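Here we start with a single chain on its own, the form predicted on its own, put down as structure tokens.
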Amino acid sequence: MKSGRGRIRRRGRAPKGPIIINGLKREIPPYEMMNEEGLDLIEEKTEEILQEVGVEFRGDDEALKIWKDAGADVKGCRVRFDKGHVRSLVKTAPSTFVMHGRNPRRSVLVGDDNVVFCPAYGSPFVSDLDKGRRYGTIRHFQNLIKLAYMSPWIHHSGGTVCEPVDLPVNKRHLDMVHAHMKYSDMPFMGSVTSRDRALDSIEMARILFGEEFVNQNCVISGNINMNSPLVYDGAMSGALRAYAEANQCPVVVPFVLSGATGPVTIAAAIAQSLAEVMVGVALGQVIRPGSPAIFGNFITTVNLRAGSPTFGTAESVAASYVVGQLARRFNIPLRCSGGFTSSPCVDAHSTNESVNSLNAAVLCGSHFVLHAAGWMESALTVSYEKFVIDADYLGSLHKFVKGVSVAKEQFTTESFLEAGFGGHFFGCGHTLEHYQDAFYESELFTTPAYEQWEEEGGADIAKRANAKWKAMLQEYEEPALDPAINEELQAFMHRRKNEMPDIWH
């Protein structure tokens, strides 16, 4: 196999494209909600779950063999662990690592005080103001990758940004991974819906970056979802094993709906979530000690009268803060989810829940924020308009996490003398020196007088966002990809597709 990484680095011209911000440096401390005694108690209850209840690995005999060889108590598909066993295994997971993009300037640090934003994941539907809600297609998938690439506030291309239902279920992963490689040069996620699809994704990454580079560096990740409570199915554990074996990153994420797939009390739900995450990270470390992993968090609530999930709630926000503290105890990079909402449209409902969720993700100390842009209708839909609205809000978070600087140039005495008592600071030297970067300036929010706004058409935020995403797609320029690499990728895709019949369900 040729060294794709070398060919990528030898591109002849500087890459075109938008402003590049390769991750966000948090300069404010994370919020500590729970005292040490409370955290100790949650860990104690987590150990009880692992020892007395255990976790099931269904349809994955290889995972069961790995656990038995590692000293776990395996009976059928049920795996239980002595106290401290899982904790001892996760210690080899790195506290920081780099996710490499094919454009080295796009590579991101995961861990420390760095925050990486990436878009929504997994929705079968898309929506916009023009055509409403409909099934996602590969064209929509490509459009959303382009929007993420065009936004300076998004640092990662994501994974299944929408489900392209116009392609066969067993083959669409090839087109999705190729789209990330072709239409963006940021880091990206591969498939996790079966072990074979995860292996295909990793093989395509080897073509893009070169086999030796992939063996030594993280270039692709997989979002591994538990079947909460306490079950890993063969697809998820098989995909997790594939990523760990290749030294790539499983993002291990429970799916805890408190009151449905987890206990109704938040403390108990956190203990369950911690047990599920620890086991997944530990499995990767048994397979390849020192391979990268991300500690995932997805704890939210449900409407106990209707059974439907609810997002951005006080309880789910509190859970994020506590999970952040636990992740820091284990010294593993944390994934939280961002712009959550159950709203079916862009409105005050969607804004309230999304802002609550995104603020919690940043303030709890998350390093990797999935679903940061576009999530709508409890993950059933990704909205074009909400995608750019969320991205705009991410821009303000870039400003917020810098905190308040007290550097010498931030202060002024002369401006008070220039403005005079009861005067204004618009024309003062200190204002002119800082006006370009003093405040975050939204591209979507509007501040004119009512009369001017009305004369200009009276467009609300959704209509302005509609115009914005269309302009972004119009301005998009595809990042250069070596034709030889692209040809090799397409040949691999063609061969794999010809090896199996189409499956549509």
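Note that the structure is a prediction, hence the values are computed from the model and not measured. Start at 1 and count along the sequence shown; that's the residue number.
Keep in mind the form predicted together with a further copy of the same chain is missing from the figure; the text below concerns it.
Contact check for Met34, Val231 and Gly259: all three have a heavy atom within 4.5 Å of a further copy of the same chain in the predicted complex. Interface residue among Val98, Leu129, Ala268, Ile138 relative to a further copy of the same chain in the predicted complex, by the heavy atom within 4.5 Å criterion: Ala268. Of the residues Ser88, Asn215, Gln410, Asn331, just one reaches a further copy of the same chain in the predicted complex with a heavy atom at 4.5 Å or closer; this is Gln410. Stretch-level contact check against a further copy of the same chain in the predicted complex with heavy atoms at 4.5 Å: of 246-254, 191-199, 341-349, 147-155, the positive one is 341-349.
Contact annotation: Arg78 falls within 4.5 Å of a further copy of the same chain in the predicted complex, judged by heavy atom distances. When contacts are judged by a 4.5 Å heavy atom cut-off, Thr447 counts as touching a further copy of the same chain in the predicted complex. Not displayed here, a further copy of the same chain is approached by Ala438 to within 4.5 Å at the level of heavy atoms in the predicted complex. Taking the partner from the other structure, a further copy of the same chain in the predicted complex has a heavy atom within 4.5 Å of a heavy atom of Val55. Taking a 4.5 Å heavy atom cutoff to a further copy of the same chain in the predicted complex, the contacting residues in 419-439 are Gly420, Phe421, Gly422, Gly423, His424, Phe425, Phe426, His430, Thr431, His434, Tyr435, Ala438, Phe439.
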